[in-house]
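For reference, the chain that follows is the form predicted alone, supplied as structure tokens.
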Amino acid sequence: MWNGVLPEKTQTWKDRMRSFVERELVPRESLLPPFASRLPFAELRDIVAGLRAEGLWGLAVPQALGGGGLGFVGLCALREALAHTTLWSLAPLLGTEPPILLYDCNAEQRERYLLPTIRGERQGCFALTERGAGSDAAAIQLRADPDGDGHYVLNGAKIFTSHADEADYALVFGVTPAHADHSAGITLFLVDHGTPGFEIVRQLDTMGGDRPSELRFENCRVPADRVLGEVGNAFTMAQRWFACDRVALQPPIAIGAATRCLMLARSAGVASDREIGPMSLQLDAAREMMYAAAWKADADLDIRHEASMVKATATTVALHVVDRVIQWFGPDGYGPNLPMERYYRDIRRFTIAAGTHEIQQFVVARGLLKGYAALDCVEGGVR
């Protein structure tokens, strides 16, 4: 059961990441234009080199794959430390994110996709969302029809796909119609950029730095050996990915960002202890909830219920904290010379992406009403 204390090794790496952030990333924040999500290539190259020199590359990747094997508690700790800079959005490029879905690669796919991605030589994007299928992933419509010649033919579109313009392959979810049950007929494909019939239609401007893409697939032929996992089993894989994402991606970033904002408010003297205290209590509660769920994930326990609670709580609490800090700073907080306005725009996205706040509340309620989860806990913290 989570005891509220990070393992010594994890705390050490968290401290080292925080030190690296303060030394190397915070001074570079001014280099990132207000509505941009990437640094110049030379700066990014230097950052990656620095991470490797510090031994901070790939710490959350399993040891069997050459990483540090810190697990989900460790991943949350690293990302919480990383979020003390507005450059946290570079996280997928910083080697701190294990490509969870790629762990289902077969031997050939492992050499072609998984290992190069872990080494930072390749990058993928996650193409699930469609216009009529956002939080309801089971409603996707992109078709993947077998052509009888060892290929699947993809037809359809994806929207709001992050990092598609930077990636060189996409993890694409499509409906394989041989299955009568629609949700059971969703299959995941590895599609290289440059494959005929696959194109990035446009990038979409948002209020934050992220510029997701709209993708189009028109008679795009993908070899059958690029199916990731089993045909028709991608929905189950996606549920596992969402559960981990809702604990170890958005919550630690949101909590780390809001914590930095509170620290800035305290050091600037723009708010009293009476004002800062309630914000700190809410953040601490969200942080403990996050690490308790991450501990369960590392113990290979079902965290779907906890994942929805953590995502809904951490993102909304963090957004509230950052909003209050902006108010305390007044015009300075609203301007670009302090990090709060960028944090606010970025965290606002978290209440929508990977399942809206309202969907998370629905999932929690459904779990309780249908008996998937309980209001009380048995010994050991396992429901």
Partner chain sequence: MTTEDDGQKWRRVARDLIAALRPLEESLPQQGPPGVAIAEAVHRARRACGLWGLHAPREVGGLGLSWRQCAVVQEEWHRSLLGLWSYQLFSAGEFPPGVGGLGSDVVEACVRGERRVHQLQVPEGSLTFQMGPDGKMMVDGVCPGVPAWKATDLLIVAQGDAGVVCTLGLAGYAVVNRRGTMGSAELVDLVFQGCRVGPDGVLEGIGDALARWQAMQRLQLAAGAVGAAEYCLERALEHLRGRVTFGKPLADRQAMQWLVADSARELHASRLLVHRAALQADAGGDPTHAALVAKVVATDAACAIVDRVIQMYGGYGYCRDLPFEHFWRELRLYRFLEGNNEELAGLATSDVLARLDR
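Model, not experiment: these values are computed from the prediction. Positions refer to the first chain, counted from 1.
Here the subject shifts to the form predicted together with its partner chain, a form of this protein not shown in this document.
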Does at least one non-hydrogen atom of residue 27 fall within 4.5 angstroms of its partner chain in the model of the complex?
-> no
Given that the partner is absent here, does residue 206 sit within 4.5 Å of its partner chain in the model of the complex, heavy atoms only?
-> yes
Give a yes or no for residue 160: in the model of the complex, does one of its heavy atoms lie within 4.5 Å of a heavy atom belonging to its partner chain?
-> yes
Spell out, yes or no, whether the shortest heavy atom distance between residue 328 and its partner chain in the model of the complex is within 4.5 Å.
-> yes
Which of these stretches, 104 to 112, 292 to 300, 68 to 76, 207 to 215, has heavy atoms within 4.5 Å of its partner chain in the model of the complex?
-> 207 to 215
Quick one: from 62, 335, 50, 40, grab the residue that has a heavy atom within 4.5 Å of its partner chain in the model of the complex.
-> 335
Assert contact residue (its partner chain, in the model of the complex, non-hydrogen atom within 4.5 Å, options 168, 288, 136, 230) equals 136
So which bits of 331 to 364 sit within 4.5 Å of its partner chain in the model of the complex, heavy atoms only?
-> 331, 332, 334, 335, 336, 337, 341, 344, 345, 346, 348, 349, 351, 352, 356, 357, 358, 359
